[in-house]
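Shown next as structure tokens: one chain only, the form predicted on its own.
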């Protein structure tokens, strides 16, 4: 799930040239769309995920058309766009607070029935796990196919590599930006649905995850899909397995878990700002910039 969320950040930074903090709310929008959809179509995870992805895509596209595109036309700096992304995120977040308050949708679980598929000692695999993990992997593979084997994917990679040259060779930049934002929102909304199926939905769920997501994207060098996926697994491993080891062996309280993404971000920026990019030559096909 971190990988799905972080791939959207990597796309935004590489193609749009914007570290978008409103990405957190696209995740939450998808989760709430999934929650509402599950009340109408209980027990249909695939339809719920599709509706969530569509809601996330619409939220991202509307934010681009109403805010980011207008600022880009004014040749606003990256800092201005970054502050605007905070503003867009706050608007979406407190709109979701109003929705949750008026409909009693705080900390609710998406209505997908829980069934135990395998119980072996302390290992328990549920139908939710069986949905979440394969769906995440399939979405990642589909994204890779789109970027490497479709015209729109080639245009995105061209813009990521050199925006001015992409314009010169005839890439329809605005069209590609629209598709990129929809793809980013689709990934965020789908991951929000999967997160909500696995845990619970609240207006702050995306915001609580965003630092871990940025840590994964920074580990990937903000330009490599394979690096971002590996970074997501490293962040999740650090937040869970490493924290559990520190708790058992050194008595470190689990309340320090939110500090893990900060530590990862600082260490990467200090010692390897390019992240995992270039460390694995045989994985270079996953990089946006070549």
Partner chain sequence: MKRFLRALLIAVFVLAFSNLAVAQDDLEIITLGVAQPFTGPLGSFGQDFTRGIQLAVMQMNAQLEAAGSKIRFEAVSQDTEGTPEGAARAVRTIVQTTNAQVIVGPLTTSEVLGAKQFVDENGIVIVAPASSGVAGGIPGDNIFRVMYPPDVYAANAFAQIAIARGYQNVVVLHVNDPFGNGLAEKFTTEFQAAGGGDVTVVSYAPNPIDLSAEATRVSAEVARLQGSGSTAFFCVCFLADAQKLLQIALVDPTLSAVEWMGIENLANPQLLEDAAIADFLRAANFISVSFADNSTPLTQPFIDSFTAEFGSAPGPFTNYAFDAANIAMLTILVAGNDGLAVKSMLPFISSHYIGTAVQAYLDENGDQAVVYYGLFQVSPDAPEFVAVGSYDGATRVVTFNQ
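Every value quoted in this text rests on a predicted model; they were computed, and no experiment measured them. Numbering follows the first chain given and starts at 1.
FYI, the form predicted together with the partner chain isn't displayed, but the following is about it.
Using a 4.5 angstroms limit between non-hydrogen atoms, residue 106 touches the partner chain in the predicted complex. Proximity of residue 86 to the partner chain in the predicted complex: non-hydrogen atoms within 4.5 Å are absent; the residue sits far from the partner.
Taking the partner from the other structure, the partner chain in the predicted complex has a heavy atom within 4.5 Å of a heavy atom of residue 195. Proximity of residue 200 to the partner chain in the predicted complex falls within the 4.5 Å heavy atom cutoff.
Within 4.5 Å of the partner chain in the predicted complex, a heavy atom is found for all three of 113, 209 and 240.
Residue in contact with the partner chain in the predicted complex (any heavy atom within 4.5 Å), chosen from 244, 44, 66, 40: 244. Proximity to the partner chain in the predicted complex, taken as heavy atoms within 4.5 Å, picks out 92 to 100 from the listed stretches 135 to 143, 150 to 158, 169 to 177, 92 to 100.
No residues of 31 to 52 lie near the partner chain in the predicted complex, the criterion being any heavy atom within 4.5 Å.
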